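One chain comes next, on its own, written as structure tokens: the form predicted on its own.
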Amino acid sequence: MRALEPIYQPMLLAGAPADADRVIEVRNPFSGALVGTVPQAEPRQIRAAFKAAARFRPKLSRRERSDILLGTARAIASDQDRLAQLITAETGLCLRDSLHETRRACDVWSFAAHALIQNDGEIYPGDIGGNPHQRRIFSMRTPLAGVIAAITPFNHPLNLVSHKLAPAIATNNRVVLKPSEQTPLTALALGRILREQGLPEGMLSIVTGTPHDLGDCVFTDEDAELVTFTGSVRVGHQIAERAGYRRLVLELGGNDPFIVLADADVDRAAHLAVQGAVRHSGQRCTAVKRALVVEELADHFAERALHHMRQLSTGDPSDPSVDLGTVISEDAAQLIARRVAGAVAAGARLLLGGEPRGAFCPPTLLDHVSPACELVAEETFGPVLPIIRCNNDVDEIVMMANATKFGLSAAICSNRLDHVTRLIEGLAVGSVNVWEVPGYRTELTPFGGIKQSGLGHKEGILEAMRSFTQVKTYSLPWPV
């Protein structure tokens, strides 16, 4: 497949192209080739973006918003090959994963269009209680008075950006978006699509820059009413500490358990676990981070997981036949390697793996992993499947699964309804999937974690649309 030519992409400030004195280089993690450059914004440009957004008051009808959202979904679908190539070029993800991301993004935009045509108000009677009145009370949802500040990570440069922008546009809000400096080109490409679909210029700014140069200005601006952030726990804590009196929606890391009970079909479970660990190069907050396998099945499970992992093809991520691309950077690959080495030093057996080459981290399988080692105590963002052996005791497994600061999602492989229901009730996570990977969901359903995985607010189209609005009530005389 022909490589993309390096491009320069300006920022979008209130919909208009904007440059800066300095640029950021975006390089392909696999080849090191220059993919493109974007401006290194200055804090004054961030202030200008928020100021322009605060002055603008969207008046789009539901039909007009629906047309923009559906038009965006159609544009992504018609241009999915080019967008997937761009995602692969700036992330190092294999082309299969990038194409999957474009399909997910289409769902985000089309689901948002359909969600906004539903009535979002409620009606309450007034002739109740100890002081009844012949009135009726109505509720309605209105856009936020201020601007939404949206900050997105590198790992889903199209889909996670879509999850911020589509609900905001559906609810007539204004957004200043800062995508990851490692993968900004896809977000800017989406911004151009939105302009082509007729999005008013004042509704969206896309600013680019490094956290070092921009500091706190994106999430502390005086016109930012709500900050929605997806990324690491460390940065999420910084935002929570410094953002001040404004709404926060923080979607942070995960340490997702994949639980295999004694009645499970071992080969089916092992195949799911491998897919859940390595898809998207393992760089998902909902990836399988630790397989909790009952002792009596562990040998067989390890054998079948090894078989499935060996079937994966690696190489140039732009090759459509490749199953596993790179992680985001050489530094990320080295961190994974250090954690794997630490697990081995603590007694784990390395069944498959090896030293990273640049940003490529080989698919890695370990058995007899200690629950205390850094590899599974922290969120390891890479194609690694650690097997932790456990006793065949559901209560003990719940305790082991919950013995982490994270609480995002989990998966269960069992056909025993009594065990499954006990696990669903006992697991301290935001979502549980039975006979699926932890990250299964649709773009419509609520999604989010507890503990250090987030503040409990949910993403997903419907929940985000609720988060991005205010409830106003009014009452009218209403004869009984």
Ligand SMILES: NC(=O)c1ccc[n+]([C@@H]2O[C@H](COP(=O)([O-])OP(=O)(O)OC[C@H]3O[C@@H](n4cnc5c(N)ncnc54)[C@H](O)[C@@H]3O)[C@@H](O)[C@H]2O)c1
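Computed from a prediction, not measured in an experiment: that's the story for all the values here. Residue positions are given as counts along the sequence shown, with the first one as 1.
We do not show the form predicted together with this ligand, though everything after this point is about it.
Asker: Please work out, step by step, whether the site is open or blocked: first superpose the C-alphas near the site so this ligand is positioned as in the model of the complex, then count ligand atoms within 2.4 Å of this form's backbone or C-beta atoms (3 or more = blocked).
Answerer: After C-alpha superposition the pocket is open.
Asker: Ok, 160, 84, 292, 274: which has a heavy atom sitting within 4.5 Å of this ligand in the model of the complex?
Answerer: Of the listed residues, the single hit is 160.
Asker: Considering 200, 146, 407, 153, which brings a non-hydrogen atom within 4.5 Å of this ligand in the model of the complex?
Answerer: Flagged contact: 153.
Asker: If we take heavy atoms and a 4.5 Å cut-off, which stretch out of 124-132, 258-266, 244-252, 94-102 is in contact with this ligand in the model of the complex?
Answerer: That would be 244-252.
Asker: Is it true that 181, 211 and 285, all three, sit within 4.5 Å of this ligand in the model of the complex, judged by heavy atoms?
Answerer: Checked in the model of the complex: all three residues contact this ligand.
Asker: Please run the contact check for residue 447 against this ligand in the model of the complex: heavy atoms, 4.5 angstroms, yes or no?
Answerer: Residue 447 belongs to the contact set for this ligand.
Asker: Does any part of residue 235 reach within 4.5 Å of this ligand in the model of the complex? Heavy atoms only, please.
Answerer: Residue 235: contacts this ligand in the model of the complex.
Asker: Could you confirm whether residue 379 comes within 4.5 Å of this ligand in the model of the complex, counting heavy atoms only?
Answerer: Because a heavy atom of residue 379 falls inside 4.5 Å of this ligand in the model of the complex, the answer is yes.
Asker: Would residue 229 show up as a contact with this ligand in the model of the complex if we use heavy atoms at 4.5 Å?
Answerer: Yes.
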